[in-house]
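Okay, so here's just one chain, in structure tokens, the form predicted on its own.
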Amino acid sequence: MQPLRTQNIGLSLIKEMELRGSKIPGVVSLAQGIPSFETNEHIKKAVIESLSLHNIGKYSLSPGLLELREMVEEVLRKDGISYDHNNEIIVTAGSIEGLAATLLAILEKGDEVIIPNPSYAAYAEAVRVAHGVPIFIDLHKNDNWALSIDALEKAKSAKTKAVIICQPNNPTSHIYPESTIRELAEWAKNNNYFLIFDEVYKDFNYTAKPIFHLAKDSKYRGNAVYLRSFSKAFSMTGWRVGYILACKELAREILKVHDSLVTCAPVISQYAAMAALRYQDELINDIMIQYRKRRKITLAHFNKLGDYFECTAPDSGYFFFPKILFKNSGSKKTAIEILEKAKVNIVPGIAFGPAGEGYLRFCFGRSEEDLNEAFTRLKNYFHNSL
């Protein structure tokens, strides 16, 4: 076989750990960010009804079902965000397809994309898929993972094309303040860079302050793309549906790539997304009660492991990202050893970029039973091995 370009592209360490764990019987996984909750019955019922009322076996328009895009526009308007359903909203096969389509649309071979890290594991490989070059800058771990404009300035070059921002952040679960986002937006605008905001965890907020969304400010819409998903807040990871917000000119170019990649998002999933939006206030309020409870349970477990980990309660999302305090040979080897000896699957911090080394990511989106069992195993592992 001839050499392939993809040989220089890696499989996400998150997926690698899940594959490793699948070969070991009895593993409790706190690795991949998959909620334990079933998709809500309101959504399931609506999908069943749509099967008999609509021809779901046919493609939708490439940008998505008109009714869904209209609903998205209305939801956005209530949040003070204005995007036209006709030419500024694209329904995607999950947010990662939206990211891939965006990068393929805006990048030329060799263009650089700045990625503050730690950040979601798939960004760097998605950039490489689009023939781009990921450039990592470190978030300030001793300052609540703050983003420095000085670091961005030092990282930019004649080849810089875009910056990817995870807001709220995965894996650190911190929320960038409005001041940081506005400073970033001004810097990007002055340099004519694209800003790609991954807002998958926008509905998760355990703080008293609202999450700031730059999409409310029309000043920056010409160079900003917003990726959103139904996967996390609605427990719809398997449905593969999300949407992109972009100005008309940029959305037109992204749509060409989206059409080439998937034609359209799965139509049955688009009907599920409409039901999610119809009941979103009720569904999100209910599920956030459960996540707050699981966050509290997980924090209590970590407090009992203070000799081994240093961590704080997350501000958003459903991940803890503790610093490793015990002697180790790197986060990947540590995660693999814990998987093999304790049968608990977690993600090494290095998966999220160089600044993630020395940390591990734990997902508390799993059931309370799994959380308690996993930490019982971890306590036994540390008692017997260290």
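Remember, it's a predicted structure, so these values are computed and weren't measured experimentally. Throughout, we count residues from 1 along the sequence that is shown.
The following text describes the form predicted together with a further copy of the same chain, which does not appear among the structures shown.
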{"query": "a further copy of the same chain contact in the predicted bound form: Trp239, any heavy atom under 4.5 Å", "finding": "yes"}
{"query": "Touches a further copy of the same chain in the predicted bound form: Ser329 (any heavy atom, 4.5 Å)", "finding": "no"}
{"query": "Ile297 within 4.5 Å of a further copy of the same chain in the predicted bound form, heavy atoms", "finding": "no"}
{"query": "Residue contact check: Ala146 to a further copy of the same chain in the predicted bound form, 4.5 Å heavy atom", "finding": "no"}
{"query": "Segment assignment from 32 to 40, 357 to 365, 334 to 342, 319 to 327: heavy atom within 4.5 Å of a further copy of the same chain in the predicted bound form", "finding": "32 to 40"}
{"query": "Of Thr312, Gln290, Gln280, Thr263, the one that lies within 4.5 Å of a further copy of the same chain in the predicted bound form (heavy atoms)", "finding": "Thr263"}
{"query": "In the predicted bound form, the one of Leu305, Ala151, Ile284, Ile268 near a further copy of the same chain [non-hydrogen atom within 4.5 angstroms]", "finding": "Ile268"}
{"query": "Candidate spot Gly57, Leu107 and Ala126, all three touching a further copy of the same chain in the predicted bound form (heavy atom, 4.5 Å)", "finding": "yes"}
{"query": "Heavy atom contacts to a further copy of the same chain in the predicted bound form at 4.5 Å, residues of 193 to 216 in sequence order", "finding": "Phe194"}
